[in-house]
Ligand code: 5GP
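In structure tokens, one chain follows: the form predicted alone.
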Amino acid sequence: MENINELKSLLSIPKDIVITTHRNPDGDAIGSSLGLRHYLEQLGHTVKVAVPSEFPHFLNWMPGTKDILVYDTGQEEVKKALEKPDMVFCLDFNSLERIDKMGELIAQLKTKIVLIDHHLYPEPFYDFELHDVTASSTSELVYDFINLLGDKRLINLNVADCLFTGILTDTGSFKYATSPKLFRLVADLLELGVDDNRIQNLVFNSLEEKHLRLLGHVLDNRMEVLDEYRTAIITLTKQDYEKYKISRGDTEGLVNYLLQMSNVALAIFIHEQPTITKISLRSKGNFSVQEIAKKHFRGGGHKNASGGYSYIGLRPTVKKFKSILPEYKDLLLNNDL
């Protein structure tokens, strides 16, 4: 990270700080944001976490979630927080478009902006950056950030619980983007008192009955396997959302079930929203879904996990996806799983 001493000097004086992260925040987005908040508050800063939209219910146990400002349900609070903060930290996204209307507010600020992120091709809207596409998660980078500032001693249990949750969810329970460095970091968090069994239980064993019924419906009625492309697709319609009372976070992880099939290298989840059709892409082995998301669906992300969207509706989006598969057939068939 360049200019770390300048940033450390800025943080040596108490400030009003806003931390924000991307729309539809996941475990890493919320975990990294709250972990950073709990660290900065120990330095004497006044910190608000503001996000564009609601986050999954299974993260509600995390320390500080009750104080998070949500633009979709409290625009005036977020606008007030972003009137004149001394600093803004942007976590787990690479473009102000990822935070919708909040991005327009931040773009108008004259304040210092810090980016901490692991996604490809960040746009230059920041003054300071800690960016590493090889990192497992933004939570890992927040841990590195605190260390770079010489404040490892300030990683208390609240900070550690939040960062562990972000790492746990973004690596798929330590299946993706792992490294020796990451496991050493996780060992440090466990030594600080993180109860990994407790957090695993809170994150993964907090389903309601409707979630299991939705999973059964999806796998039985909404799954299509295209053996000739080693690809599987699941879809959800607006009617499905109404029937199963699907809310924010209820579909988290559905696409990953497709990758449990031994011959599937590419999985896609396509679902209708009120104004757009959202797309989640996952892959195994060396096949990259980032190019598909960026080239065909206005999105991006990581090698094995990316997302995008379209405005043409569910069925046309599925048709479009199937039409591009021949372009990637050889890569999929030759992919070493």
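All residue numbers refer to positions in the sequence shown, first residue = 1. None of the values given here were measured: they were computed from a predicted structure.
One more form of this protein exists, namely the form predicted together with the ligand; it is left out here, but the text below deals with it.
Taking the ligand in the predicted complex, would 23, 280 and 300 all count as contacting it (heavy atom within 4.5 Å)? Yes, the whole trio is in contact, each within 4.5 Å by some heavy atom.
Going by a heavy atom distance of 4.5 Å, is residue 308 a contact of the ligand in the predicted complex? Yes, residue 308 sits close enough to the ligand in the predicted complex that at least one of its heavy atoms falls within 4.5 Å.
Do residue 119 and the ligand come within 4.5 Å of each other in the predicted complex, heavy atoms counted? Within the cut-off, so yes.
Option from 43-51, 30-38, 62-70, 291-299 whose residues, in the predicted complex, bring a heavy atom within 4.5 Å of the ligand: Only one stretch passes the 4.5 Å heavy-atom test: 291-299.
Quick one: name the residues from 122-153 with any non-hydrogen atom within 4.5 angstroms of the ligand in the predicted complex. Result: empty, none.
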